[in-house]
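Next up: a single chain in structure tokens, the form predicted on its own.
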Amino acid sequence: MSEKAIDRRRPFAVNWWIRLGWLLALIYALYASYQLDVSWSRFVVGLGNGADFLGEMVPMDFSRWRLLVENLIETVQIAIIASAFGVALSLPVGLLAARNLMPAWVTWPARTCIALCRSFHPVIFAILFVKAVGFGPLAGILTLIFASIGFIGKLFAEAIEEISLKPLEALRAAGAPFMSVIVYAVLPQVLNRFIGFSSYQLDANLRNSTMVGIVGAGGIGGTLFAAFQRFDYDFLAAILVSIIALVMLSEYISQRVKRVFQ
């Protein structure tokens, strides 16, 4: 029998190496679960505890709505300020990190800066800034600025590296200065993506601002953590619902902004 006939009978050959890899991954997952004391009985008990916890959150308590509104406004202010400064700083960092625009001795420091900003979770940055500048919104703003540079700077650099170089070459051949090349050849190709990145980062900062507040960096996170420590679960539910509504409102506004610039 010829090789062509064998290939027709088995068009999709079995890759035993891939199956072996999946099997080893499954075995390791089971071993790691055993080492971490993950068990079905604990999961079942957790479901019961979770049901009791959810039951204590109903009905929600909105009697302290003034405190809730004040903290939500502070959270929004932290997110907007951090997003504005973070995006403004991310643009030059992203330009310097783009390999198709800058030489290697410029891109490496910029990429190192982006990597440092991405190395730690925002909560770690929040702890460091709370220690440096004290409790309050300033620590949260600085935390989210660094987080924004790490995320948006990387996306900006990757978007710039994907642009067409023909407009750049045409402007350079005409003797245009560097800033004119950036304004008229680079930014028009990536402006819509920049707007999308910026709106997404605003959403992320709204969520992160509630998280960094747990360690004292301002926002509604501190109130949420205090309610949890006091077993004030009905007020905790009101805070969670308010955060969800805030994020949904931010998503709606970002979608409207994207339509305007499309």
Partner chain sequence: MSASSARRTWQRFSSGERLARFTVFLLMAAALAFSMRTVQVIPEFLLDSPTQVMDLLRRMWPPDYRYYPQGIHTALMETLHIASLGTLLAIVMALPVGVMGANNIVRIPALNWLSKLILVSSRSVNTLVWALLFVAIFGPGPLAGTICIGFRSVGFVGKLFAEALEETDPGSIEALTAAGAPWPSIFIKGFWPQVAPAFWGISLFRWDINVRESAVIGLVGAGGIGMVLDTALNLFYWDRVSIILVSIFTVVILAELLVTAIRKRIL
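Residue numbers count along the first chain shown, from 1. We call the rigid core the largest set of C-alpha positions that still match within 1.5 Å between the two forms. Predicted model only: the values in this text are computed from it and were never measured.
What follows is about the form predicted together with the partner chain, which we do not show.
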item	value
Check all three, 98, 108 and 249, heavy atom within 4.5 Å of the partner chain in the model of the complex	no
Partner contact for residue 49 in the model of the complex: the partner chain, 4.5 angstroms, heavy atom	yes
is_contact(residue 132, the partner chain) in the model of the complex, heavy atom dist at most 4.5 Å	yes
Contact label in the model of the complex: residue 224 to the partner chain, heavy atom within 4.5 Å	yes
Exercise: residue 92 in contact with the partner chain in the model of the complex, heavy atom 4.5 Å	no
Residues in 107 to 134 with any heavy atom within 4.5 Å of the partner chain in the model of the complex	118, 119, 120, 121, 123, 124, 127, 128, 131, 132, 133, 134
Is_shifted residue 27 between this form and the one not shown (CA, 2 Å cut-off, rigid core)	yes
